[in-house]
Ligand code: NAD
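Before any questions on how it binds or moves, here is one chain, the form predicted alone, in structure tokens.
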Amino acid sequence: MEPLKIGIVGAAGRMGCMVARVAEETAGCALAGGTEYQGSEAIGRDLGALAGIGAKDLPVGDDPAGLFAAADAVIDFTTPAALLVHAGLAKETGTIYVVGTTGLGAEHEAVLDAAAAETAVMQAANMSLGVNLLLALVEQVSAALGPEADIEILEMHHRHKVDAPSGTALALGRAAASGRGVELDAVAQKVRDGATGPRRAGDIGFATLRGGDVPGEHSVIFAAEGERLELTHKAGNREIFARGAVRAALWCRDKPAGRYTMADVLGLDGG
């Protein structure tokens, strides 16, 4: 079988370079190229050299349409605004589209759904195996403990992260809410300041920390009378997210058009 040709949008970013390194060392994969936004200083530089894996004769370009046409799969850890363009290109070309971008809203979900009518789209707030196992555990524990346990979600990321709470924290909140049979929007408490009064029963609280170079830490705290249960995942580096994305691209190779998650990739939903 021919190697899966992987393209990378946002190729000069920290995650883009990490994806290039992981794809290069993963059996069954080959780099198809990478793009950056118009005007980026990375345009014209060699993708391999940027990623620290040696020159690959793959200059970084600014034409995502050409990249989608040339690649079997494109991995995207860029921005919600860029996703609107990239999802449209995936729909046009039928290219597998693996999305790790966070901070998505209804508009982004709609374009991903449209792309999924034509190709395999794998989107996850977090690509790591550990986090996806944590999501399953949180839903199970939330259901078992019931509303008597207060739920708080604490997350910390590096100083450069632009969205809060993190996409993973929100996914954990949705898992906790699902365990209780409620919608997260109805019970989420994302801001506390001043005289807030006593905690409202059934709320799922969020706390956000930013600083340093932390790749990502998430804890879900179940606080009941007389006891507290905490479930925590700590990412040591960004490579775990890149490995998950490349694994997802390979998994999608023979899959029909549709929306998929890391739970599907890892068989957590029986897939």
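Given the structure is predicted, the values throughout are model-derived calculations rather than measurements. In case it trips you up, residue 1 is the first one in the sequence shown, and so on.
Just so it is clear, the following notes concern the form predicted together with nicotinamide-adenine-dinucleotide, a form of the same protein that is not shown.
Trainee: Considering A87, A120, A125, A175, which brings a non-hydrogen atom within 4.5 Å of nicotinamide-adenine-dinucleotide in the predicted complex?
Mentor: It is A125.
Trainee: When nicotinamide-adenine-dinucleotide is placed as it is in the predicted complex, which of 75-83, 133-141, 147-155, 196-204 ends up with heavy atoms within 4.5 Å of it?
Mentor: In short, 75-83.
Trainee: Using a 4.5 Å heavy atom cut-off, are A12, K161 and F241 all in contact with nicotinamide-adenine-dinucleotide in the predicted complex?
Mentor: Verified in the predicted complex; spot residues all in contact, yes.
Trainee: Contact between P165 and nicotinamide-adenine-dinucleotide in the predicted complex at 4.5 Å, heavy atoms?
Mentor: Output for P165 is no: heavy atoms all beyond 4.5 Å of nicotinamide-adenine-dinucleotide.
Trainee: Might F222 be said to contact nicotinamide-adenine-dinucleotide in the predicted complex, defining contact as any heavy atom within 4.5 Å?
Mentor: Answer no; every heavy atom of F222 is more than 4.5 Å from nicotinamide-adenine-dinucleotide in the predicted complex.
Trainee: T102 versus nicotinamide-adenine-dinucleotide, in the predicted complex: is there a non-hydrogen atom within 4.5 Å?
Mentor: Taking the distances in the predicted complex, the answer for T102 is yes, it comes within 4.5 Å of nicotinamide-adenine-dinucleotide.
Trainee: At a 4.5 angstroms cut-off on non-hydrogen atoms, which residues of 188-222 are near nicotinamide-adenine-dinucleotide in the predicted complex? List them in order.
Mentor: Heavy-atom contacts within 4.5 Å come from no residue here.
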